[in-house]
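Only one chain comes next, encoded as structure tokens, the form predicted alone.
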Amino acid sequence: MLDKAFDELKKYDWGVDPKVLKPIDEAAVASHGNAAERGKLEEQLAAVLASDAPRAAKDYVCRKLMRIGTAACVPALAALVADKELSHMARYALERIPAGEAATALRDAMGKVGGELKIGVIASLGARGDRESIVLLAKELGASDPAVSRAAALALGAIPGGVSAAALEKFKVQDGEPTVAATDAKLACAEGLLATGKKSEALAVYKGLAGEGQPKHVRLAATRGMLACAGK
């Protein structure tokens, strides 16, 4: 049954009854707690990514690897990050695979893709909360493409910590979308610091956003943050 399902997967396309893949779904559930069986299933799924299977089949594989994937399938997923059609789903899986190799693959991809694909990779690193990417993300704050700069700011804001906050604080632009993104990211970063008990670091960020030069809604958010830091 499982072998037949994989034969069907290799030619699976939009419009085909997904029931043909049910044995794979069941095998993924049944392999929970059985490293050997799950590893075998992961290997079979990853092999489909390297084949000429239709996009729908590879999308399905990425969704499965998101749930059962380990470091073993990272190379197969990483190979798709530069593919315009499959990049999103490959990143979707890499974001959620806990192995450090998945984060490394995303960091490596930053220097290999551009435009929307690069923005996607940056967003994925933020979604992972990958602290090791902070230096790389900080460099993108000054990117010539405002969309890339904005994405980097938002990603840094999603990675709470003093290093992220410091990188965002150094980011100075006069106006435009990146400025708004950087401000939002600083607030998010401060909230993350506060949530992890780092009140003094959070307070420093909030104070920097409470000045008269900030929009009213930002000053209000910063004031609430400072009160929260004081336990009020």
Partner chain sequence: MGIRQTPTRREFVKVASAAVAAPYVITSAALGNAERAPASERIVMGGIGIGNMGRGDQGAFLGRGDVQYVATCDVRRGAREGAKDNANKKYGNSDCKAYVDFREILARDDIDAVHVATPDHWHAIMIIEACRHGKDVYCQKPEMRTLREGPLMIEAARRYSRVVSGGSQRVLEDYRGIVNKCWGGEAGPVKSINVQVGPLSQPCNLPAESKPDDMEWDLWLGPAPWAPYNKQRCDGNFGTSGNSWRSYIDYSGGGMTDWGAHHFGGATYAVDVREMQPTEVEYRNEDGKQYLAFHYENGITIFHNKPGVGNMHVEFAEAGQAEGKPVPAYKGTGGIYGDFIECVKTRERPFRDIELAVNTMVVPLTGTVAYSLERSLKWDRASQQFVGDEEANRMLDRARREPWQI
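Predicted model, so just to flag it, every value in this text is computed and none were measured. Numbering follows the first chain given and starts at 1. By rigid core we mean the largest C-alpha set that fits within 1.5 Å across both forms.
Absent from the display: the form predicted together with the partner chain. The rest refers to it.
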| query | finding |
| --- | --- |
| A46: touches the partner chain in the predicted complex, heavy atom cutoff 4.5 angstroms | no |
| In the predicted complex, R131 touching the partner chain (heavy atom, 4.5 Å) | no |
| 4.5 Å heavy atom contact, I68 to the partner chain in the predicted complex | yes |
| Any non-hydrogen atom of I24 within 4.5 angstroms of the partner chain in the predicted complex | no |
| Site test, G15, D59 and V218 vs the partner chain in the predicted complex, non-hydrogen atom cutoff 4.5 Å | yes |
| Answer option from L141, A103, V74, L154, heavy atom within 4.5 Å of the partner chain in the predicted complex | L154 |
| Candidate from K40, R55, K207, K199 lying within 4.5 Å of the partner chain in the predicted complex - any heavy atom | R55 |
| Core-superposed comparison between the shown form and the other one, P18 Cα displacement 2 Å or beyond | no |
| Post core alignment: H217 C-alpha displaced by 2 Å or more between the shown form and the other one | no |
| Core-superposed C-alpha of V61 shifting 2 Å or more between the shown form and the other one | no |
